[in-house]
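First comes one chain, alone, set out as structure tokens in the form predicted on its own.
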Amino acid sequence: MFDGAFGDAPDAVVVDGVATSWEALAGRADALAERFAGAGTVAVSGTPTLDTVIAVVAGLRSGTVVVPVPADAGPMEREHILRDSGAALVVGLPDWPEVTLPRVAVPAGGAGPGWADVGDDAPALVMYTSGTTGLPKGAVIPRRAIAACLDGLADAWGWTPDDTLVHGLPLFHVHGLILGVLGALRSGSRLVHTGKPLPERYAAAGGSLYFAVPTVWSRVVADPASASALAGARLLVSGSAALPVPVFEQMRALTGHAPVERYGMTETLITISTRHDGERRPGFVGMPISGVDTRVRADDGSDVAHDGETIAGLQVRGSTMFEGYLNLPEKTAESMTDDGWFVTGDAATIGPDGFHRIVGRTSIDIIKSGGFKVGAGEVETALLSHGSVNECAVVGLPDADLGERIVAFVVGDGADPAALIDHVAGLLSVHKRPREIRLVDTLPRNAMGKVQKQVLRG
């Protein structure tokens, strides 16, 4: 796994201005891996540093399970992750005063035995994912799933050793770590991590392949000079949340590229994407990558039409799947159907041509109002088409008459609530209009830029 991806270019990997060759990185990783002997599982702070990359590579090369700890995690979350994962060591010297586990520094150089003989079904990572309730759950990601995902994306995106990948994403999520680091290692492409995902850093990196979340792309298009500097790229990829249609169109206008959108989860890795050689349609994430199957099911488990309109629960299966939730067999069983499909918890439509559109989380983004099912994303797209709206999030709040009323939280300049309600009513069915507009200065977001709608719902 990952053989043949190392080169001798001195800047094959650059993380926040610190450069190394893949060969030197492999040597440092092997030297670190020798210090993992007997540990089984190690914790790594997901800071955007070269040491983080070395630690993850050391785990892969030695067969040691790596637990990426969110860089912004608080003491309670860290304590849960370290205890639940059974981590025996902490790599590096993160500022975790409450943690008493032994610590191992990343060596400045050295070498080691190289790749250990580890089966493809062995776990590579335990990545913690938060749900709507309770403490984060550890998703066990096997080595084969990572390989299948990255090979499927290499095919979908035409990803080759000739590429230079640029991004500034967190190194404790699928997008930034698995795609954004291990993807470059697997393909042999050069990697430039910008430290912070700032438009000017993206513009200066000279990449052919760029990854970002919608919040970052919104900031890029707000800086036309930086956006125009990406015109020489081969592919711009957006993920981790829905890309607003206006941002899609601005990216196309300023860079000359229609972005690729894709869909995935911690438990499934990336499963659906538009292609480098195919249609890229605003608001759609394309079709399953190689080795993945999808289906949509109604609340009662029955089939629904692939008409591009009928909203139902998305289910997936295939080669990119996790092994289950660590120490939570009942939660794992609850996430699967009797016939072996993973229930994503997301609502989607599939068109006659197989194109998928993700509507949102079934528990949050499908609003049941007055007997109708309304997708929050559709209302958000309508709101974003109004010139006074910079950002918005739509949720359903309890209503004695309607069951749930549609409420929009809007960030904008000079936005008028009544005008916005009329604007949506003029674009969509009248029952889809917000019953209330709340003007706010900012929307609560997590580290990947996703709006935290549970916070808005109170």
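The term rigid core refers to the most C-alpha atoms you can superpose between the two forms while keeping them within 1.5 Å. Note that the structure is a prediction, hence the values are computed from the model and not measured. One-based numbering along the sequence shown.
Omitted here: the form predicted together with adenosine monophosphate (AMP). The next part is about that form.
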Open item on the list: Only one of Ala203, Met265, Val99, Ala154 gets a heavy atom within 4.5 Å of adenosine monophosphate (AMP) in the predicted complex. Which one?
Closed with: Met265
- [ ] Heavy atom within 4.5 Å of adenosine monophosphate (AMP) in the predicted complex: which of Thr129, Ser385, Thr332, Ser290 fits that? Just give me the one.
- [x] Thr129
- [ ] Using a 4.5 Å heavy atom cut-off, indicate which stretch of 292-300, 115-123, 78-86, 233-241 touches adenosine monophosphate (AMP) in the predicted complex.
- [x] 233-241
Open item on the list: Test of understanding: in the predicted complex, would Asp163 fall inside 4.5 Å of adenosine monophosphate (AMP) by heavy atoms?
Closed with: no
Open item on the list: Can you tell me if Val285 lies within 4.5 angstroms of adenosine monophosphate (AMP) in the predicted complex, counting non-hydrogen atoms only?
Closed with: yes
Open item on the list: Under a 4.5 Å heavy atom criterion, is His276 part of the interface with adenosine monophosphate (AMP) in the predicted complex?
Closed with: no
Task: Asp346 within 4.5 Å of adenosine monophosphate (AMP) in the predicted complex, heavy atoms - done: yes
Open item on the list: Rigid core superposed, CA of Arg28 - does it shift 2 Å or more between this form and the one not shown?
Closed with: no
Task: Lys432 C-alpha shift between this form and the one not shown of 2 Å or more, rigid core reference - done: yes
Task: Sense of the change in Cα distance from Ala241 to His431 in the predicted complex - at least 3 Å versus the shown form - done: closer
Open item on the list: Lys432 and Gly351: their C-alpha distance differs by 3 angstroms or more in the predicted complex. Do they come closer or move farther apart compared with the shown form?
Closed with: farther
